[in-house]
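Let's start with one chain on its own, the form predicted alone, as structure tokens.
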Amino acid sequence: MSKINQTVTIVTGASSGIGEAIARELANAGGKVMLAARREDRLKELATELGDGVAYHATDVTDVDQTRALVQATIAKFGQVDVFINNAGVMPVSPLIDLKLDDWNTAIDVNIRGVLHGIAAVLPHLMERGSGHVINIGSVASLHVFPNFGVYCGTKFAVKAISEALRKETLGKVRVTTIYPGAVESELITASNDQQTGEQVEESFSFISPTAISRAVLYAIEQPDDVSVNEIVVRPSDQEL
């Protein structure tokens, strides 16, 4: 029996893009999945499509109480949480000189505080059990700084640092994986309110399917308990950085 059959996973940002692909991958492999995002109608539709073993809980990860409620709902439904995937994210992009402070604060709230809220909500449960897995979805922007992406890169550099601290603080108990996607088909760029930068990005890269990331997630989860895959970079074969 595949290890995934015995695994309960929470996926934030599961209503579209990488999060949806991860949910599909895990559900199709036989895992139990709790979908989380703000768009409840989309979560309901996806849970119905994926069938038994998949549930949903509308969650805004910028609210720590909602994130804790997500974990408690998962335990009530499935008995435990084995894997928490911090995938929810936003990517407002623009030159710093444009001073889009509202965008900056949104990126910080979702991409940094959201990850910390996920960790705060699930870590006591995992540490009490003495096992578990936290997977944080970073970005190649965690590794390189791109013009007009300064704030987004800053938030993703923070994800890398938080992940490494969590790994060192929970050695032997909680596995920690950070996945760094390159250019992936998603709503992130199209949601940017800086049209010029968004268009430049779309013209500069080829984009791979979100399933490339979901397969990396499945790979990390399915390793034996004494094996921790800490970092995976997945990018288009023609993407330089």
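Predicted, not measured: the structure shown is a model, and the values here were computed from it. Sequential numbering from 1, following the sequence displayed.
Omitted from view is the form predicted together with a small molecule, to which the following refers.
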Should Ala183 be classed as touching the small molecule in the predicted complex when contacts are defined as heavy atoms within 4.5 Å?
yes
If you check in the predicted complex, is Leu188 within 4.5 Å of the small molecule, heavy atoms only?
yes
Even though the partner isn't displayed, in the predicted complex is Ser228 close enough to the small molecule, meaning a heavy atom within 4.5 Å?
no
Using heavy atoms and a 4.5 Å limit, would one call Thr9 a contact residue for the small molecule in the predicted complex?
no
Can you pick the stretch from 151-159, 93-101, 166-174, 119-127 whose heavy atoms fall within 4.5 Å of the small molecule in the predicted complex?
151-159
